[in-house]
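Just one chain follows, in the form predicted alone, and it is written as structure tokens.
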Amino acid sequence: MKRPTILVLGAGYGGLSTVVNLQKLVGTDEADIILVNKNDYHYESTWLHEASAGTLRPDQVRYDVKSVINQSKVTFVKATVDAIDVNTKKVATSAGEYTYDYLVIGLGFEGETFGIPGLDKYALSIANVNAARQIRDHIEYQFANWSTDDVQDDTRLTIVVGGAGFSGIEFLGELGNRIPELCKEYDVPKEKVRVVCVEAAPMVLPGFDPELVEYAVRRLESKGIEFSIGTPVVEATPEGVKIKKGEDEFEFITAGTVVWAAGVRGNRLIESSGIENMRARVKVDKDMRAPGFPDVFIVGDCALMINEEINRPYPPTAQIAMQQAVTVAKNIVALMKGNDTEEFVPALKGTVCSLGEHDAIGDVMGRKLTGTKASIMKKVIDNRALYMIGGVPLVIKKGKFSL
């Protein structure tokens, strides 16, 4: 009897965690597990804001996929996924075509520009390791050029960050720590540097406890960060961004660097896969399967699940993606054995938002945390994610230990 093929697309938190859990549950002769990813490494996307600001080396953010998979059970294929067709059960990749008995789609997120003119051309996005490296280098380039220009252009030192959600605030926190170092390195007076956070929504960190948000804003403002809230970006140009400040009132912010961190969507391959979706995210069944396709599971950023208590989607966090992966692995094994699948029930342990190396805010198990305590908890969460995938060796190699 032919062994079933389990094809996993993407080695992000959801995809890689699914494989790690599958290799614990499936015997060598029970299934062919294939993991396809465009890079031969996994990167901690929740650390990209640090690499982007230059407070963490890009190589520290990533590790080799093969270092955490059992290669006697899992075949790793370094390839780009070009197309998914769930009706014919075929996946086209740069390494050839694959068929499957069970498919897990964990292709991650893409930046959402909401159709704002110029953003895709003139704004940088914290999308992956290479994009983070590009942002870091671009900011340093602006500081270096300001120092060497015959006529110094202060707008080189203006940084606009679009978005006051999680990614934007964490990036601003790192910038607040990094800018004094850059000023010292390039002999730039700190008062010449301007960092502006622009947010279309009427609040910072929507959904977070207002008391904690107030602390975060106060701490970031003490580092020189400006906030322009309720002022959507309407256009980006090579010179900066245009924001709307009122019904007929606009302001143009001239800036040497524009970083967009104001929204994500699922991978666009979902839209042509044959699966019903919204902005490339699939409203999955309770057992994480795609509606109408009992052999297809969606995990991570591509999955949409409704929190019925508040009738809003669960946020696409690493914590939830890794929990989904446990359920997906169990359910695939259940289907292989002819058993019933189980529902995915998130166990939300809390949320921590970093404000820089030694500062953060958090709501953990119903307890509010700020400052050093929250920062330590953030490192514990980061290290736990490493442990769940690669055990103690990965924590020792990549973990965060400075207090």
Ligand SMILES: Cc1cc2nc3c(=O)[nH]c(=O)nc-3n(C[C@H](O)[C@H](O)[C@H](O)COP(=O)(O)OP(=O)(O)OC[C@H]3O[C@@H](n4cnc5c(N)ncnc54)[C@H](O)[C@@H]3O)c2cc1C
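Numbering starts at 1 and runs along the sequence shown. Remember, predicted model here, so these are calculated numbers, not experimental data.
The same protein also exists as the form predicted in complex with the ligand; that form is not shown, yet it is the one meant from here on.
Proximity to the ligand in the model of the complex, taken as heavy atoms within 4.5 Å, picks out 108 to 116 from the listed stretches 243 to 251, 209 to 217, 108 to 116, 181 to 189. Listed residues Leu103, Val160, Ile126, Leu172 were compared with the ligand in the model of the complex; Ile126 is the one with a heavy atom within 4.5 Å. This chain is drawn without the ligand; in the model of the complex, the residue among Ile229, Ala79, Ala131, Met278 with a heavy atom within 4.5 Å of it is Ala79. Looking at Ser375, you'd find every heavy atom of it more than 4.5 angstroms from the ligand in the model of the complex. In the model of the complex, none of the heavy atoms of Asn145 sits within 4.5 Å of a heavy atom of the ligand. In the model of the complex, Lys66 stays away from the ligand, with no heavy atom inside 4.5 Å. Using a 4.5 angstroms threshold between heavy atoms, Thr46 counts as touching the ligand in the model of the complex. Proximity of Thr55, Glu357 and Asn383 to the ligand in the model of the complex is absent: no residue of the three has a non-hydrogen atom within 4.5 angstroms. Taking a 4.5 Å heavy atom cutoff to the ligand in the model of the complex, the contacting residues in 317 to 344 are Thr317, Ala318, Gln319, Ala321.
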